[in-house]
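Below you'll find only one chain, the form predicted on its own, shown as C-alpha cells.
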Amino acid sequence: MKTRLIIATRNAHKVSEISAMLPDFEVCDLSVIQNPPRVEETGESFLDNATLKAQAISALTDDWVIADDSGLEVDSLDGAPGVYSSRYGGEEGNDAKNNAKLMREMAGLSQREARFRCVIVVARGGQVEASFSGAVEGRIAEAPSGAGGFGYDPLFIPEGYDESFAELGEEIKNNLSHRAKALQGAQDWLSKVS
C-alpha cells in the first residue's frame, strides 16, 4: 500500500507534476481535506511560505503533507519576481499577466540569467519534519515559446538547452527542474521514515 502524501496546493498542474515524479506514493491534492483553509503566503522567503502552508494543512490530517513554494529569480531584476512569482503581474496565478510583466521588465536587458528555485517542507500533525531545496539555472528568452508546462515555462531556457521548458516536454522538465531536485530529497527522506 502506497503512503499517502497530501500536496498543500490547489494548483492541478503542480499536483500532476509531483505525482509523476513520486510514483511510489499516493499523491493527493487538498480536496481530500474538508474545507481546507486558504493559507496566506506572507513569508519573506520560499521557506517561510512553504512552512506556513505545511503547518496549517498538516494540523488537519494524520497524513504526510508536502508544501512547496517556488518561483523565478532573475539576476538583472535583483532576484524578482522571487516569492511574488505567482502574482507578479498583479493577479494571483495569471500566467499571461506574469509573463507579460516579466517581458516588459526584461525589455532591452542583455543580462538574462535566471533560475527557478523550489523549497519543499514536509510536515505531519502541524509540525515541520524536514525541508529540501532545489534550483535549476538558465536564462530568460527574448520571447515566449512552446505550449507545454505552466507559469514562466515558455520564457525559461534551462542551462545546456536551446528550448524553453514549455518546448522541452514534461519528461525532460521533470528530470531537470527545481521541483524535481527538491522532491528527490523529500522522496529519499520519506522512503526512510514512512
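Note that residue numbering begins at 1 and tracks the sequence as displayed. Just so it is clear, the structure is predicted and the values come from calculations on it, not from any experiment.
Keep in mind that the form predicted in complex with another copy of the chain is missing from the display, and what follows is about it.
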Close approach of Asp63 to another copy of the chain in the model of the complex, 4.5 Å, heavy atom: no
4.5 Å heavy atom contact, Thr42 to another copy of the chain in the model of the complex: no
is_contact(Phe132, another copy of the chain) in the model of the complex, heavy atom dist at most 4.5 Å: yes
Close approach of Gln127 to another copy of the chain in the model of the complex, 4.5 Å, heavy atom: yes
Candidate spot Leu47, Arg117 and Gly185, all three touching another copy of the chain in the model of the complex (heavy atom, 4.5 Å): yes
Interface segment, criterion being heavy atoms within 4.5 Å of another copy of the chain in the model of the complex, picked from 144-152, 34-42, 47-55, 164-172: 47-55
Contacts with another copy of the chain in the model of the complex - residues in 135-164 whose heavy atoms fall within 4.5 Å: none
